[in-house]
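Just one chain is shown here, as structure tokens, and it is the form predicted on its own.
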């Protein structure tokens, strides 16, 4: 700390030559040696704490021709792996960093599903292959369903009605007229398109809960129609006998393997459709018009209703294709595809994994199918487990179990902010654990230096220099006042104070710059100042107040 003398008087160095303007002398304070303050600041050690594991990014050297290559997912505009080019600050060498590692995880998961039959135990191989086939088909259905509920925000419960109707009609055509198996998915797509057109019209007038009730009633109507129709196998519990790409002459284990891998290909096709829709124009339009923001999107000229209907029709065609594929794989279809239990299990799959994400639909389907089709020895307990998982996802999670990481990171950032706000032993503007989150380390040194400088300048703010500035805002000043003014002049333009002249002769008002090009300054208050000197001193006092409160 410096010892301030009340009888110290600053003498203008130009007074000896008679060229001084304004103040010849002024009561001021002695300016302490800046080296003492620097030694004191650099000698202070801030306590450090463990910050936990840092987020790891994959970084590798650049090939040297250009900073990065923009590989994209055709035909979308998404950059593959979100590779960005950076320069190492220490070596100044070009490097590449992967910001989006999800495609890597998708590739690993699909590779695991491809080799999974080789890892199944021999005593459960047939059970797991059958469950894997069901998983692939139902995951494809749920990926299309999450496009309807998540991307298009249409609460339709008729997805399984579309699949079942296409499955029954294509099976009946194959049995009655001998239609080959490779035509069944195409016919199912046409059925899905007609079905989608029929149930897309109410979506223009109904929304939310009412549309969900309508589509649920439509699903029940289809179930009653097919279960009471003799032509569609009311006496046998389903319609079977359609042509299939799986030959009955093959060994049963070969049939199971073929069914498993074809359903896996169907899942890949559904994921490609999800990426095509969600990553291109339709998906971007509906991300601009989420729930409760339709008016803003409409004001911007976005026809979000048309985009929703288009997505609904495309997914209806895809669901019809899956229905035809289902009939071709199982040589028919059972009435259970329409049952309320199937719809509830489908909702459980979406709720557990997370609505609106393809990975959520796949994860939820995997969990539910494993509990329902593999753990058969557990009896009714497995359905209680599915219900418990669904209830926990609804009560405690924002977007299913696949959103746990994002929810946990948000909670951790909130707690970290609360903890930091209670900390007072800052050595600079950044806490030690904040330093790991700031990429540009120059900011840390600048904040540290700025903190030291502000602490030093606070010791110079006295009534003497305030009175000196009031008498003469411009011109030669004492060393203490000049140091304070130089600091104020080099501050950033963001929220920097200035004077605005309201008329040719005044008065003057204080404004603050936005710091952004094209954004007008804001008026600080309505107080007016008759002369420019009064305005300068008012700006000075506001800056002093901000400095002392910082």
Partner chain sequence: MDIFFVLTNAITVACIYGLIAIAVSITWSSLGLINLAYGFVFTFAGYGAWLVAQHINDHPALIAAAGIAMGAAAGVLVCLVVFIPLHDKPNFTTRGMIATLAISLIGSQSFLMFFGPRPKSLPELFGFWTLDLFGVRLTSDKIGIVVCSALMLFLVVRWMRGSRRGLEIRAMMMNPHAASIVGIGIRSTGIYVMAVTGAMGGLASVLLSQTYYIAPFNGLTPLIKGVSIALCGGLGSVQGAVIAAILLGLVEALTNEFLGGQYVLMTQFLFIIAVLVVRPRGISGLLDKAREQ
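Residue numbers count along the first chain shown, from 1. Remember, predicted model here, so these are calculated numbers, not experimental data.
Heads up, the form predicted in complex with the partner chain isn't pictured, but that's what we're talking about next.
Undergrad: Considering non-hydrogen atoms and a 4.5 Å limit, which listed residue (112, 225, 250, 87) is close to the partner chain in the predicted complex?
TA: It is 225.
Undergrad: Though the partner chain is not shown, can you say which of 213, 375, 438, 474 has a heavy atom within 4.5 Å of it in the predicted complex?
TA: Flagged contact: 213.
Undergrad: Only one of 260-268, 338-346, 162-170, 312-320 has heavy atoms within 4.5 Å of the partner chain in the predicted complex; I'd like to know which.
TA: Of the options given, it is 338-346.
Undergrad: Hey, in the predicted complex, is residue 384 touching the partner chain, heavy atoms inside 4.5 Å?
TA: Residue 384: contacts the partner chain in the predicted complex.
Undergrad: Looking in the predicted complex, any heavy atom of residue 118 within 4.5 Å of the partner chain?
TA: Contact check for residue 118: no, nothing within 4.5 Å of the partner chain in the predicted complex.
Undergrad: Taking the shortest heavy atom distance, is residue 197 within 4.5 Å of the partner chain in the predicted complex?
TA: Taking the distances in the predicted complex, the answer for residue 197 is no, it never comes within 4.5 Å of the partner chain.
Undergrad: At the 4.5 Å heavy atom threshold, is residue 390 in contact with the partner chain in the predicted complex?
TA: Taking the distances in the predicted complex, the answer for residue 390 is yes, it comes within 4.5 Å of the partner chain.
Undergrad: Enumerate the residues of 516-538 that have a non-hydrogen atom within 4.5 Å of the partner chain in the predicted complex, in sequence order, or give none.
TA: Nothing in the stretch sits within 4.5 Å of the partner.
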